[in-house]
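A lone chain, given as C-alpha cells: the form predicted alone.
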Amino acid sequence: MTDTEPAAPVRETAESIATMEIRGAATIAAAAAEALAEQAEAAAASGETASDPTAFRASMRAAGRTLRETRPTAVSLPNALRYVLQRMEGETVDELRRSVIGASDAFVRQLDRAQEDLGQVGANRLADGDTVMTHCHSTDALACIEAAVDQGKSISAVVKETRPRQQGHITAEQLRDAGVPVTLIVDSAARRYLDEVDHVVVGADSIAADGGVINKIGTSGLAVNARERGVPIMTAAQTIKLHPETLTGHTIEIEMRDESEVVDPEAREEIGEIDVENPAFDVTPPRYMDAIVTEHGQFPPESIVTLMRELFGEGAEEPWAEP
C-alpha cells in the first residue's frame, strides 16, 4: 500500500460492511472503530507514516473515508468514526497511535456493555405488575423488559404485530421465551388496548438533535394515542443511534420500501390501477415522548442534544475529511 492508503484490514472491513456481511448498528460501529485501531498500528509500523505525524493523520483520514463510504445512511458508522478520530491527538506518531487505539478500545468497551446498561435504566422505569406495549422489534426495548424480569418484576406485554413485515412476531417470541405473558394484537387495535397498558416501550432507528425519534412506521401514531390516554412512552436506544448531523439542519430521509411488502402483484392487478406507498419509518416529535433511555441514563427528549455534542461533537464535523 502507499503511505496513506488504508491498510488491508480496513479495506476488508469496508468490504464486509458494504456487502452487509457485517450488519446491525452496534456491530458496524464496533467493526469501524476496530478497523481504525488496526490502521493506526499499520501506519505506525512502516513507511512515511511511521515517522511523519502529518502523513499518519492523513492515513487515518483516508481510512475513515474508506469506511464512511460503505453505508452512507448508517447512523452508527459515522458516530464510531467521529468518536475515534476526534480523540486522535499528540505531537508524535506514537502519541497519535496510542490515542487512536485508546479511543477505539474505549468505544468498543462502551458498546459491549451499552445494551445491558441501557436495559437496567429502562427497567427502573417499569414497576412490578406493569403491562407494556411494544411496536416493531427492538433489542434495546427488549433489554429493558428482560432486565425488569431479571429484577424479579412481573411484567406482561401487549405486542403490536407491526405490518407489513410483522416484526412484532419476533418480539412476541423472544418475550415469551423470557417468561413474559404476551398478547399479540393487530396494529389498528393499539388504541383500544392502551387502556390496559402501563407503559409503551419502543426502540429507534435514529434520534435527531431536537429529540425527535425516527422509528418504524406507526410509532408516531402510537405515541400520540399514548399521550391522549395518559400512558407514558419511552424510547430505548443506544447512543450510537444519535444523529449529530441533524445539529446542522440535516434532514433524515425516510426509506420507501418495495410495494410487494404491502400487496402482492396478483392482488394488485385485481384491484386495478393504484399507487402503493410503503414508508419504513416515521418521526415522533419530542413532545409525545416521555423519555429517551440510553446507556448513559435517561433524558427528556429535548435535552438529548447535550449528550450528542458531548459524545460526537458538532454535527458538521467530518474528521475523516481532508483539511
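Numbering starts at 1 and follows the sequence shown. Here the rigid core means the biggest group of C-alpha atoms that line up within 1.5 Å when the two forms are laid on top of each other. Because the structure is a prediction, the values reported are computed rather than measured.
Keep in mind the form predicted in complex with a small molecule is missing from the figure; the text below concerns it.
key: Options 222 to 230, 198 to 206, 152 to 160, 98 to 106; stretch whose heavy atom lies within 4.5 Å of the small molecule in the predicted complex   = Among the candidates, contact is made by 198 to 206.
query = Tell me, which of H243, R82, R71, R125 has a heavy atom within 4.5 angstroms of the small molecule in the predicted complex?
reply = So the residue touching the small molecule in the predicted complex, by this definition, is R71.
request  = Using a 4.5 Å heavy atom cut-off, state whether T139 contacts the small molecule in the predicted complex.
outcome  = T139: yes, in contact with the small molecule in the predicted complex.
message = If we define contact as a non-hydrogen atom of the residue within 4.5 angstroms of the partner, is P9 a contact of the small molecule in the predicted complex?
response = P9: no, not in contact with the small molecule in the predicted complex.
inquiry  = Can you tell me if Y288 lies within 4.5 angstroms of the small molecule in the predicted complex, counting non-hydrogen atoms only?
reply    = Heavy-atom contact with the small molecule at 4.5 Å: absent for Y288.
Contact label in the predicted complex: A25 to the small molecule, heavy atom within 4.5 Å = Yes - in the predicted complex, heavy atoms of A25 and the small molecule come within 4.5 Å of each other.
ask   = Would you say T306 moves between the shown form and the other one, meaning its CA shifts by 2 Å or more once the core is fitted?
value = No; T306 is a residue whose C-alpha shifts by less than 2 Å between the shown form and the other one when the cores are overlaid.
Flag for A291, CA shift 2 Å or larger between the shown form and the other one after aligning core = Comparing the forms between the shown form and the other one, which are aligned on their rigid core, A291 does not shift its C-alpha by 2 Å or more.
inquiry  = So, superposing on the core, is the move of N278 at the CA at least 2 angstroms between the shown form and the other one?
reply    = No, N278 moves less than 2 Å.
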